[in-house]
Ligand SMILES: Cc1cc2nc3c(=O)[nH]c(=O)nc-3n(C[C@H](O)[C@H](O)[C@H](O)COP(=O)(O)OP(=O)(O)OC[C@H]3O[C@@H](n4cnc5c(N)ncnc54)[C@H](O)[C@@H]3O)c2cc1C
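Quick heads-up: it's one chain on its own, the form predicted on its own, in structure tokens.
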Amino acid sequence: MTHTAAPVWKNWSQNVSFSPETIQRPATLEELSSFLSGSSGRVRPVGNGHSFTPLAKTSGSLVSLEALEGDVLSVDQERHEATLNAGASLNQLSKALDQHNLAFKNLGDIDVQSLAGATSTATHGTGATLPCLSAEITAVSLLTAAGELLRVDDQHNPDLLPAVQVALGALGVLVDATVRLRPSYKLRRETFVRPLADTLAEAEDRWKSHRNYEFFYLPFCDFAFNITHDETTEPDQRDGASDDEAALRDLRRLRTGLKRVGPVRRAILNQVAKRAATERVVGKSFALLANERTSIFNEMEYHLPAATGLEALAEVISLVESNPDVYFPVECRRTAGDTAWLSPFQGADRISVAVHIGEGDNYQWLFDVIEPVLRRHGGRPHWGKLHSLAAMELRELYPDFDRFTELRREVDPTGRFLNPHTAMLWEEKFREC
């Protein structure tokens, strides 16, 4: 096992940075088990650093699974399931699964996260009939704080499955997961512009009529970009494909140059939006569902009851219009409900509203202005994105919250996997070892 002493670790957006005592990169499960059983300090697992919350932050040891070999560990073609290396990225896994004629049922906006990081925080895509990735987990293997292997499947601890599907690294280091998949498939993606008022009025119908649907409201513009995905057997196609990163750079320049001249900014954006051509792309599912995002930002996303999600979004839009510094599009998606104890989608469908603040801009505004609206509408925060909630508020949102915290104490009685952030979430006292 390799380890680095006293490094500085930063997440993708660099809003979280810290110096752990060591970074452990086990090459085998035996190495990881030996480390856990032979040490006593704080430990936090880490994926690829795409959480904006300090879930990984620790003064103890950071454990990365990036050195574990293998992507697809086993395949059950009859059940359309595969056991996957939890340290591998979703992109790696999608390509490896394609060699077995299998694919994830859905993916989020990006696919560079590790499987462990994505599922532990209930990362999701969009689609009224499609749950988050965590809901597709049917079995896991994790190593506890004592270095013991805990297996959860239909033969071993089956009652713990809804606890381990979304666990924030609180129960142990997730080393593999068995996931429900489907045969490989192709999608046709269409991106088109509609007036914002029409987009809001038509959103429910589009969620019903398309496999995947989401839209992006452009701040200080009267239009929104709509994106649909539908299954197809058409030949690959790329018609009018746009450059999202170039568009973001243009939006930032326009914000910087015209934020004190609001009417001019709106007029220019409206003209650009009106001229935007419809984009049609056909290709493999994983190539179209996920995007490459290089522009750095920080993000707050809440998952709202389906009945009030669009109403909450309308309030968010009015608040965004009062802040001329905002230029990133506001994203709106929908996800089917599931049964995981800590899934934000537990119990029913949710509409997700995500507000982004560009690199270098102060995101305190999200906490001061946006979060109160999302909370008032019954929103549950994305575990990996900016929020201020602690145990008292979370207990009101999650029926099985106390059930999870009791299990956490049982499997990690000395609190090895705690850090200041998770201690706040679980209402635990925290003291550095």
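Only a predicted model underlies this, so the values are computations on that prediction, with no experimental measurement involved. One-based numbering along the sequence shown.
Separately, the form predicted together with the named molecule exists; it is not shown, and the next lines address it.
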Exercise for review: Among 336 to 344, 305 to 313, 110 to 118, 318 to 326, mark the stretch whose residues have heavy atoms within 4.5 Å of the named molecule in the predicted bound form.
Suggested key: 110 to 118
Check your understanding: Heavy atom within 4.5 Å of the named molecule in the predicted bound form: which of S61, T405, N48, S33?
Key -> N48
Check your understanding: Which residue among C332, L174, A224, V152 has a heavy atom within 4.5 angstroms of the named molecule in the predicted bound form?
Key -> L174
Exercise for review: Check whether A135 has any heavy atom within 4.5 Å of a heavy atom of the named molecule in the predicted bound form, and answer yes or no.
Suggested key: no
Point to revise | the named molecule contact in the predicted bound form: R266, any heavy atom under 4.5 Å | key: no
**Study point:** Touches the named molecule in the predicted bound form: P381 (any heavy atom, 4.5 Å)
**Key:** no
Practice item. Mark K259 yes when one of its heavy atoms lies within 4.5 Å of a heavy atom of the named molecule in the predicted bound form, and no otherwise. Key: no
Study note, to complete from the structure: Of the residues spanning 59 to 74, the ones with some heavy atom within 4.5 Å of the named molecule in the predicted bound form are L65
